[in-house]
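Coming up are structure 1 and structure 2: the same protein chain in two forms, each one given alone as structure tokens.
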Structure 1
Amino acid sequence: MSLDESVRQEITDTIETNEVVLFMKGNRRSPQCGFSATVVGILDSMLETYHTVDVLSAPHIRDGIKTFSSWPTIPQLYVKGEFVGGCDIVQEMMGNGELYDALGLEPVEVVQPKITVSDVAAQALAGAAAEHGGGGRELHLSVDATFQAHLSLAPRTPADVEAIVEGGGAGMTLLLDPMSAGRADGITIDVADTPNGQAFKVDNPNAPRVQQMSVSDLKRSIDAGEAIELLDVRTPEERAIAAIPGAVLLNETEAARIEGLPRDTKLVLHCHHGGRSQQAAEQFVSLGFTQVFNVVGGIDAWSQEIDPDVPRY
């Protein structure tokens, strides 16, 4: 089958401008087939960012990529301009460690994590497995590069690590990929009430958390010229009354800019007293930022301890 030259160029441009590209059904947040979901799960466990192309929304790419790669199925993974393969090959490379080399990552030391599952969570997981399992599908827990945890039922792969399950779920089989296993030691799985009913609650002690920063430490960072993003989460009206020099109002445009920064960027957030900025800081942690600080006492503490010329209100 011949390939239209414009389609070939579009595919080539996509591959050349993105180090890691996954042609898949659906997108990273919502895969539309099990094979695509499997590869997304593997990549999520290893990478913070990568590019995806939803072939369901681009039929010319869906047909074109098969001819381009001489490969008949979706998904298809490209790394650094080279075709890696489909779902089975990616799984195999994950199992034998070759995927680390392909992605330019250092292989992780495989650990067997200890995970505590409460009585009520164990009963709920057993019920879900009985209802939706079968056909070789077993319970999996993945912890992606931003420490977001996901429970799923999927076939066991050669690379999977079996957790040591304690608590009410002792004896239960819970599988993790090697990258997730290294992030999961000490996790507790419970059930919590939510506005939409009960849901699993995964508490991971290894996940990045919001750190607290005093106004004195903030002053030292500013004076030292440290590279920080100092963000003011108050309203424009409050900012008109008083402001910390160098702080930027966190509006929609600024939030979009911050979300595009490397995840190890040091973010320092303040508000009036520290409550609103704590909530905003937690949002950035959930996006994968690893150095997120909340200014204790906010601008009110700054006025009292650092600069009395900054009005209090």
Structure 2
Amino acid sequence: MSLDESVRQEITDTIETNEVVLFMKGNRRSPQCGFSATVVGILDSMLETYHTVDVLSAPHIRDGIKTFSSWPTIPQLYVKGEFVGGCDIVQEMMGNGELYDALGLEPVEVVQPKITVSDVAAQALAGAAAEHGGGGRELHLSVDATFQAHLSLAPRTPADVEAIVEGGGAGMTLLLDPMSAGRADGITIDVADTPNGQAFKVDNPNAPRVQQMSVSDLKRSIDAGEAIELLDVRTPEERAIAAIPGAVLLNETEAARIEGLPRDTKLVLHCHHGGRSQQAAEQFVSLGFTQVFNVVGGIDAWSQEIDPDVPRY
């Protein structure tokens, strides 16, 4: 089948301008097929960002990429302009370590993480495994590059690492891929009540947290001309009363711009007293930002300790 020249050019541009490209069904947040979801899970465990192309919303690419790659199925992974393979090949490469090389990553040193599983969680996990396991499927924990945890039942792969399980779940088998294992030491798994019923609660001490910054540290950082994004999470009305010089109102446009920044960008958030900015800061941490600071005491502390010309309200 011939490939339309404009489609060929579009695919070539995509794989040349993005180091890692996954042609898939759906997107990274909501994959629309199991094979695409599997590859997304593997890439999420290894990379913070990569480019995805949803072939369901681009039918010309859906057919075009099959001809372009001489490969009949979706998903298809390209790294540095080269076709790597589909789902089964990516899984195999994850298992034997070749994927680290292909992605230009240092192979991770395999560590056996210590994980504490509470009594209740151990019972619930055993129940789930009894109900949905079988067929060689075992309990897996993954921790992706943004430190989101996922529990699943899946066949064991040669690369899987067994956790050292402590607490009520001592002795149970819990498997992690090598990248997840490196992020999982010290995790606690418990059960918590949510509005939608009981759910597993995974507490990971390695996950980046919101750090606290005093107004004097903020002043020093501004005076030193440090590269920070200083964000004001208050309302426009409050901002009209008083504002810290250099701070930008976190409206929707601004939030969208910040979400597009590298995840190691230093974000400093303030509000009136430090409560709202703490919550906003936690949101950015959950998006994968690793340098997120909350200004303790907010603009009120700034007025009192740094600049009395900024009115208090």
Partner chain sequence: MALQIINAGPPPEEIAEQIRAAIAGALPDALIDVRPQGPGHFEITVTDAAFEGLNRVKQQQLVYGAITELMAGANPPVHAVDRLECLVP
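Residue indices: 1-based, along structure 1. Remember, it's a predicted structure, so these values are computed and weren't measured experimentally. What we label the rigid core is the largest C-alpha set whose atoms superpose within 1.5 Å from one form to the other.
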- Name the structure that is the form predicted in complex with the partner chain; the other one isn't. 2
- Message: Once the core is aligned, does Phe147 move its Cα by at least 2 Å between structures 1 and 2?
- Response: no
- Cα of Asp63 displaced 2 Å or more between structures 1 and 2, core superposed? yes
- Message: Aligning on the core only, does the CA of Pro75 end up 2 angstroms or more away between structures 1 and 2?
- Response: yes
